[in-house]
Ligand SMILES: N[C@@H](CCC(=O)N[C@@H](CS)C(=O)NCC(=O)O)C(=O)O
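Form predicted on its own, single chain, as structure tokens, below.
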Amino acid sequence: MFIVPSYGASVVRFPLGFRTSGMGPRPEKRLELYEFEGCPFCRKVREALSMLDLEVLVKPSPKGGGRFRKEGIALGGKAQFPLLVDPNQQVTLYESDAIVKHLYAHYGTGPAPLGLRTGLLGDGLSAVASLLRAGSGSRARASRAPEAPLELWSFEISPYARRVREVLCELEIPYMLHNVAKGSANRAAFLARAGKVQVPYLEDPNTGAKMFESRDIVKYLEATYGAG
């Protein structure tokens, strides 16, 4: 069962990406992130985004990908991920530590939590979490591109949301990531929109599909955008 090792990955990184804290000013323009789910360095950035209650347009850039990986390389000048584009500060940033520091400097109220500032130890624990997922969310698979990005309500540490993000990544499907961790200011709007606060929750503006439950979402993504 895919969910058992996903729980393990969550335990290794707990409590990072579980609860919001230290939120500061909100960005006026949309952040963009080139990353792939199986990358341990990308995980640290997603944890920071979740805890800072920030939304971001994710452009999945898995290994072997031809949709956004090349775009990210052309934009930043090298094949390295994560890559954050922040039009509010007019910066394009590599290196997870630099990105986390940037996010907390501009959208937080103080330094990042210790768990995101432990250097090699933190990187090592994130790598263990990736190993538990056995490469899921790391390599591209053949897929059909949607006309418009999908929308996903999630928070980083959720083992169920993780599986959906892995498939979105492997199929190179862009999506607007709405973080709704515990304590999120976005939860009231999410409740009004979806009728309950449960993640993952997916909306596809291309087809009108709206659904909870990771298994249902994965089946939908494979049937709609997978190539068999």
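Please read these numbers as outputs of a predicted model, since none were measured by experiment. In case it trips you up, residue 1 is the first one in the sequence shown, and so on.
From this point on, the text means the form predicted together with this ligand, which you will not see here.
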Please run the contact check for Phe36 against this ligand in the predicted bound form: heavy atoms, 4.5 angstroms, yes or no?
-> yes
Indicate whether Glu95 is a 4.5 Å heavy atom neighbour of this ligand in the predicted bound form.
-> yes
Find out whether any non-hydrogen atom of Asn88 is located within 4.5 angstroms of this ligand in the predicted bound form, and reply yes or no.
-> no
Report whether the minimum heavy atom distance between Phe41 and this ligand in the predicted bound form is within 4.5 Å.
-> yes
Among 140-148, 153-161, 95-103, 108-116, which stretch sits within 4.5 Å of this ligand in the predicted bound form, heavy atoms only?
-> 95-103
Here the chain is shown alone; which of Lys63, Arg26, Arg67, Arg193 has a heavy atom within 4.5 Å of this ligand in the predicted bound form?
-> Lys63
Residues within 4.5 Å of this ligand in the predicted bound form, restricted to 62-81 and counted by heavy atom = Lys63, Arg69, Ala79, Gln80, Phe81
